[in-house]
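Next comes just one chain, in structure tokens: the form predicted alone.
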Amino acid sequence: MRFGRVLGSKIFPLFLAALIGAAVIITGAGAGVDRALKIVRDSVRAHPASDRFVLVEIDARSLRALEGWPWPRSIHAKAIQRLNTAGAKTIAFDVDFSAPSIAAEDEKFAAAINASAVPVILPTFRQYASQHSEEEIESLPLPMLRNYAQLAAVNIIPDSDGLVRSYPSAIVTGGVPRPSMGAMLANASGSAGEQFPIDTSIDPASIAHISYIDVLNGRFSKKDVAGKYILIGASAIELGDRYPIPGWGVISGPAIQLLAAETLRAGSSPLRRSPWIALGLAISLLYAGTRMRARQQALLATVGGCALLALPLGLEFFHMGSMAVVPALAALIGGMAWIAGAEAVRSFGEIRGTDQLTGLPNRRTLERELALADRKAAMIALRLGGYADLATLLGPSRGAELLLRVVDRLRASGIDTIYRIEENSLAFVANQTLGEAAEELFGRLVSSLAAPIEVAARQIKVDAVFGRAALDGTQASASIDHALLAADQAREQGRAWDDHSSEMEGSRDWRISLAGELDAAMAAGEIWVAFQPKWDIKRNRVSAAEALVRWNHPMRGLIPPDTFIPTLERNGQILDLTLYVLDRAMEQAACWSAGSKAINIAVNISAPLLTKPEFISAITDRLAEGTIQPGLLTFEITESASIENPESALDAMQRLANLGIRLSIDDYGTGQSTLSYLKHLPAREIKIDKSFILAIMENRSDEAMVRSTIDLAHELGFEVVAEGVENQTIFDLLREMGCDYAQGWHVGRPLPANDFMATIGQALAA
């Protein structure tokens, strides 16, 4: 009765909307969507930069003309003289002058600064002492240089996703607050520690620019310099001063300095207005909606949603700031959904089949609906670990809140109807048979729950496991219990998911015996290698494959690799299995090469093997036999291997690269490393983890991450493989992004060697 009164309340939707909006604001859950909307608005408002600032580029042409970077400082002295003669208003450098060079060269540069008729600005910055150190050091120009120059900070601070959206007003170096380069060029003031958003509607390509070598040779028009603020800095890729910004891809650091200056000059920094204003507007619309009929409510929701989306665009157009609207949109959608759903719930009499704490349909409803379900469907159960402790600590309502957050993540992954079947368990029906599409489905579900969930101001890492069972409408309760048993089995074995099998009813320890059967299984050919094609997007053909181990057990059937590989790693047997797979891969590569169909074959290398000398020795001995060219082999090494033990990993990887083996960084994006770090490794390929690829059509932030990763990887000399390409739409988007290779079920499933060649033969001949 109490729940029924809540359903009919006109106040509750307003309260719910306020709660949803406040939760999104406080947790920042909608930040990614708001950022994506900002990119769209920037594209609508895109406009060129003014002609006030000019970038003198240390570009590839200048580097070729003036060999031996860093250049003698007399060259910079000559540039100052040329720009003075041309009538520049200010001359600034984004070039490090903190280390002494040849004394005579330093003196010439100092003299040119002193003789300059206009201000000369030199850079100062803070940086970490080394890659793995937390200690910061400060870099200032040489004393003889800064005696005659002004100093400005040039630090650029990317966000956690690697993109640059904001810029510091000032930074303390040498114990003195220094204005940032952008602020000094724009004659703007600010305090150390403050940052302001960069106006990313300004097209970076429209910034006026002149090649450094043209300045030195006088091959430029004085009218392009006279009265302008000049910034000299590196744009050449090989100098590495490059960052991605939203909507425009990777640009040079000096260009970002000038974008910041343009932002301050125009007063167009999109200052963040309070999202509570938009939330208040959404609640006002909801209040009006509670007094309307259903059709009027739908119209109100549509018009109100469009108005909320247009609100920040109007603010930005008139330089009045910007505003996050996703919390308000979430509140409006949530409140309107409640209003529309309340009547439906009452009409169909579903309250008895609803969990009272979460409002989710319960096990009774699920069993009733399973009797009518497709017999080819599968029952999937999710169990949350540690739920009882959490509910005891925070209370049942907070536990229910956690479940609802989990439900939101599952729904965002494409699951429609979700049931609460036990205190710590959810369930849903998948339209598939047992054994079908498991990797894609559970990979997507696990990825959706990877990020922590905030409940009661606590960041909670969800400990979820999944179980899947065949659906039997006549035995609905048994199907649910079987799925729960499979989830329990998955937790016992340290896996994310498991399928129910008859063996689970008897013994759960059969996997322990697998390690002892390894040698016999390899000798009997029960363990074999499948090959999954990699599609060369630019050449429109298959040119590579990944070797994937399979185990057909005579009693237990096909055993997934995730079941036995962790056991072998714990038992120290992964070397034997890896060499077995490598031998099969090399034999197949030699066979295909002899048939004039040279295909590069990738083999996964477990991270612990990199520290084993016997592994490197075994690889060396096999290549010495000369059966194949080393270039036909790729070793895929997980991203975490490169950062957990960097010195040992780097040494091993360098030795493998010296043998001629191609190295690839697998599952890129799931660890903590960055491309700027990975470029120091001898790898020349990265594989973007499928969790990002699967989401690029629905998640704009994942699309932006993938696009910027591809752009930056290419500039650093990496080729890019996208895993998890499951449909033509994703494939076409990756091709538009410039990705090099695609791998996934849309391209081809893992196949035995003979079937592989028969399947792709036509593509190879193309």
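The first residue of the sequence shown is number 1, and the count goes up from there. These numbers were taken from a predicted model, which means no experiment stands behind them.
Although not depicted, the form predicted together with a small molecule is the subject of the following passage.
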property: Single option in Ala170, Ala657, Val250, Val549 placed near the small molecule in the predicted complex, where near means a heavy atom within 4.5 Å; result: Val549
property: Single option in Glu401, Glu636, Asp161, Asp214 placed near the small molecule in the predicted complex, where near means a heavy atom within 4.5 Å; result: Glu636
property: Contact segment among 702-710, 724-732, 54-62, 23-31, judged by heavy atoms lying within 4.5 Å of the small molecule in the predicted complex; result: 724-732
property: Heavy atom of Lys690 within 4.5 Å of the small molecule in the predicted complex; result: yes
property: Pro13 within 4.5 Å of the small molecule in the predicted complex, heavy atoms; result: no
property: Leu694, heavy atom within 4.5 angstroms of the small molecule in the predicted complex; result: yes
property: Touches the small molecule in the predicted complex: Gly341 (any heavy atom, 4.5 Å); result: no
